[in-house]
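In the form predicted on its own, a lone chain appears below as structure tokens.
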Amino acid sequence: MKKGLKITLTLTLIAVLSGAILAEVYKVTVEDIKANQKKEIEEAVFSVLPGAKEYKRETRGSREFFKCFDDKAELRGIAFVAEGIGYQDIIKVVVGVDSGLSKITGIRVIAHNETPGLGAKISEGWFEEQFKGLSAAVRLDLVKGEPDKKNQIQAITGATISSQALVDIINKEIEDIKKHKVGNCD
């Protein structure tokens, strides 16, 4: 019995020390993590709205968005972070639309845990490029094979669920942005 108690106490001590070390490491790194996340979003905002030089972060209701301006202080468009459930986990994407909320100017997937080699292709440039210039006035549709109509996105072979999830996330968030009357719609 003494040997079992000794093992239990040793394992408990190791677990407590490991937890304390992890908590301290988190405290030391949390600000760097937040700064890196902010930088990543900022880079994505500028990449989805070509010509934007600065942005102003605003909130309407629970919706946060970025009004983006060119070097003449003219509104270039709106960017926002959209997220939802993918095949395996949360997909987080930055979406850019023009100031009238009529055209998608670009998207960039900034976080996902989709299957490597399949669903993870949603963050590849060729897939993200499909969204540029599409209408934000009507819903996007996912198709298997080559798109033959406007506002169609070609699904990734073997990753239809991830592809559909991204399209659904973008459709839902564009509708939500319109409800909050962001852009020139206010």
Partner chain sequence: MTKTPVILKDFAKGLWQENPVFRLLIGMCPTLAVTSQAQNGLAMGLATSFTLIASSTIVSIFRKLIPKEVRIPSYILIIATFVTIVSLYLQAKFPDISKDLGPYIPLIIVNCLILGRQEVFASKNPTHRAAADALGMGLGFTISLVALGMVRELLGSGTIFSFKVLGDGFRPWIIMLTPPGAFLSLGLMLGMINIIDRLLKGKS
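Computed from a predicted structure; not experimentally measured. Residue numbers count along the first chain shown, from 1.
Keep in mind that the form predicted together with the partner chain is not shown, yet the notes after this line are about it.
Looking at 129 to 137, 144 to 152, 62 to 70, 29 to 37, which stretch has residues with any non-hydrogen atom within 4.5 Å of the partner chain in the predicted bound form?
Stretch with heavy atoms near the partner: 29 to 37.
Although the partner isn't part of this model, could you tell me whether Leu118 comes within 4.5 Å of the partner chain in the predicted bound form, counting any heavy atom of the residue?
Leu118: contacts the partner chain in the predicted bound form.
Looking in the predicted bound form, any heavy atom of Val81 within 4.5 Å of the partner chain?
Taking the distances in the predicted bound form, the answer for Val81 is no, it never comes within 4.5 Å of the partner chain.
Answer with yes or no whether Ile110 is in contact with the partner chain in the predicted bound form, where contact means some heavy atom within 4.5 Å.
Yes, Ile110 lies within 4.5 Å of the partner chain in the predicted bound form.
Might Lys179 be said to contact the partner chain in the predicted bound form, defining contact as any heavy atom within 4.5 Å?
It does not: once the partner chain is placed as it appears in the predicted bound form, Lys179 has no heavy atom within 4.5 Å of it.
Going by heavy atoms, what in 13 to 32 lies within 4.5 angstroms of the partner chain in the predicted bound form?
Heavy-atom contacts to the partner chain in the predicted bound form: Ile14, Ala15, Ser18, Ile21, Leu22, Val25, Tyr26, Thr29, Asp32.
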